[in-house]
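Take a look at this single chain, the form predicted on its own, given in structure tokens.
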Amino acid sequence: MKGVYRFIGIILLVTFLVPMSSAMADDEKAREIMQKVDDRNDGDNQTSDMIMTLIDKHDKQRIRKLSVFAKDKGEDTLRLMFFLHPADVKDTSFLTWDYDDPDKDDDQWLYLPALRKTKRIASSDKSDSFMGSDLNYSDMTSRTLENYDFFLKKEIKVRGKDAWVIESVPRSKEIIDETGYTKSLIIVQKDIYFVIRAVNWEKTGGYIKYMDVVTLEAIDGIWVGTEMHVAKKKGKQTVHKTILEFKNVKYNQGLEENLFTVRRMEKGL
């Protein structure tokens, strides 16, 4: 299942922009690794509570609480988030239909209760910040491996675990425009094929985004990143940071498909 926790890895499957030429060729070993990352079992019929902490450059914090649901529909993934706290975002909801078909754009909708309006997220808006966090809308869906060339750069250790460092190169300018990133280095833990760190260069503003999965847990035999830090920097200064914590992670919850509709999203919990 390409569930909500996959965006811990999704945020990393972006681009490392280098001069393109016909001489460039895909790295078979790197692609094999990334295919195993993509194929890794990440459960089905998943529910969890999420705490999103937003920290500005003055260390001022804003805490948001969400309920999260995800379900497989064949090879596709349905995902729904409800904001519960604080009052200014309460009842806001976000729905994603994440398609496996590489030729089909993923669908995303954001419901804003104050306006009683549902906004469909256009491809041109997917590089925008998701609810003021350091994730953008494109980070909330899985990347299609066919859109990238991958290159194995080196092997390192992260927190005592062996890992690969992989560079990915976009196969079209449209991918760069949609994700909002121009280059990335992806760090994959070898024993479980889990993306645990990355450095992402943003397309505009000269910002660099650093991601680190601080806590990994095996829940029902499925590896989950239960705490992730994403920091946006300009030079040496951290301009913003987002901490994501996942609680009460459960699988096989018997979720119905009719939960993952715009109408149900607008109705709220």
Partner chain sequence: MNNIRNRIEYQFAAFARKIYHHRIKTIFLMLIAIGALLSQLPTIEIDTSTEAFLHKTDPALLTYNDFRDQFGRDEVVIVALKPKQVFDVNFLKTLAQLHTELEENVPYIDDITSLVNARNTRGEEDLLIVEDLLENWPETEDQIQATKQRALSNPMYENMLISKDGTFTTIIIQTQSHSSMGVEDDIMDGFEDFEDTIEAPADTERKYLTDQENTQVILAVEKIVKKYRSGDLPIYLAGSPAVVHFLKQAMMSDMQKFMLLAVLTVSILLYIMFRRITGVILPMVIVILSLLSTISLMAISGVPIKVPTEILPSFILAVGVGSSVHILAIFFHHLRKTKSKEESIVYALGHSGLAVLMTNLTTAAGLMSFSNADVAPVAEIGIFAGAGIILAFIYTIVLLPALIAVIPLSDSKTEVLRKNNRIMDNVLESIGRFSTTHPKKILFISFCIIAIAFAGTLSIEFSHYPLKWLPETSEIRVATEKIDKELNGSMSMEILFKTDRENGLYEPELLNRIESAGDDFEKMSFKEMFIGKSWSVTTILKEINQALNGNNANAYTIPQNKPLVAQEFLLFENSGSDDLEDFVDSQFSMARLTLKVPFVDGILYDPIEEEITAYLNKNFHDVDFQITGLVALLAKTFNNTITSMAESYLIAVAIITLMMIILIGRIRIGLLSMIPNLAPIILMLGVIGWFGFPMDLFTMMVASIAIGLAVDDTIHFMHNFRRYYEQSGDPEKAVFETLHSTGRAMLVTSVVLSVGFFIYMFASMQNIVRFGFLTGFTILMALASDYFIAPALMVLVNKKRA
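Positions refer to the first chain, counted from 1. Superpose the two forms; the largest set of C-alphas matching within 1.5 Å is the rigid core. Quick caveat, the model's predicted, so the values are computed rather than measured.
The form predicted in complex with its partner chain is left out here; the points below concern that form.
Participant: Kindly indicate whether 64, 88 and 165 are, all three, within 4.5 angstroms of its partner chain in the predicted bound form, using heavy atoms.
Facilitator: Every listed residue reaches its partner chain in the predicted bound form, so yes.
Participant: Examine residue 212 and determine whether its closest non-hydrogen atom to its partner chain in the predicted bound form is within 4.5 angstroms.
Facilitator: Flag for residue 212 set to yes.
Participant: Given that the partner is absent here, does residue 142 sit within 4.5 Å of its partner chain in the predicted bound form, heavy atoms only?
Facilitator: Flag for residue 142 set to no.
Participant: Answer with yes or no whether residue 112 is in contact with its partner chain in the predicted bound form, where contact means some heavy atom within 4.5 Å.
Facilitator: Although its partner chain is absent here, residue 112 would touch it in the predicted bound form, with heavy atoms inside 4.5 Å.
Participant: May I ask you to state whether residue 56 is within 4.5 Å of its partner chain in the predicted bound form, using heavy atom distances?
Facilitator: Result yes; residue 56 sits at the interface with its partner chain in the predicted bound form.
Participant: If you check 99, 94, 193, 151 against its partner chain in the predicted bound form, which one has a heavy atom within 4.5 Å?
Facilitator: Contact check passes for 94.
Participant: Answer with one of 84, 175, 78, 187: the residue that has a non-hydrogen atom within 4.5 Å of its partner chain in the predicted bound form.
Facilitator: Spelling it out, the residue with a heavy atom inside the cut-off is 187.
Participant: Even though the chain is shown alone, can you say which residues of 131-159 have a heavy atom within 4.5 Å of its partner chain in the predicted bound form?
Facilitator: The stretch touches the partner through 131, 132, 137, 159.
Participant: With both forms fit on the core, is the shift of the CA atom of residue 117 between the shown form and the other one 2 Å or larger?
Facilitator: Yes, shifts by 2 Å or more.
Participant: For residue 108, is the C-alpha shift between the shown form and the other one 2 Å or more after core superposition?
Facilitator: Superposed on the core, residue 108 moves its C-alpha 2 Å or more between the shown form and the other one.
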